[in-house]
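Before any questions on binding or motion, here is one chain by itself as structure tokens, the form predicted on its own.
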């Protein structure tokens, strides 16, 4: 347990799913008055969009719910494993990419699938990539991320954050 916890959400390009998770989780953490204890960021396993804002369609979906997405895409690096207390992959493909660059001695509970905290996952732990689809895909991802964030926060408060 520590006084502050640093987490990163990771998808492929860091322009759709992971910035949405970052924005929604930051909003939740702020409402819970834990912003000084939980540091949140996001990244991609690829470098395709480094420096870009989140996809306009994802920004519009989030904005329609009162969430502003202002992050800039960055690529997750091997050294980031030493920085973050928890790394959350948005799907199994990105989990596999992260496992390839992870140190051999990485604690088992440091790298996980984001939807392992989704109370409605029904065994499907992937957040689908909405990039090549229509507006319904972005809305579906929003709903998935929104319902998963509270369980993730409960996990962090119970297992990673010093309650003092």
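Residue numbers count along the first chain shown, from 1. In this text the structure is predicted, and so the values were computed from the model without any measurement.
What comes next is about the form predicted in complex with a small molecule, which is not displayed.
- Only one of 43-51, 23-31, 63-71, 109-117 places residue heavy atoms within 4.5 angstroms of the small molecule in the predicted bound form, namely 43-51.
- Taking the partner from the other structure, the small molecule in the predicted bound form has a heavy atom within 4.5 Å of a heavy atom of residue 129.
- Remark: residue 12 counts among the residues lining the small molecule in the predicted bound form, judged by a heavy atom distance of 4.5 Å or less.
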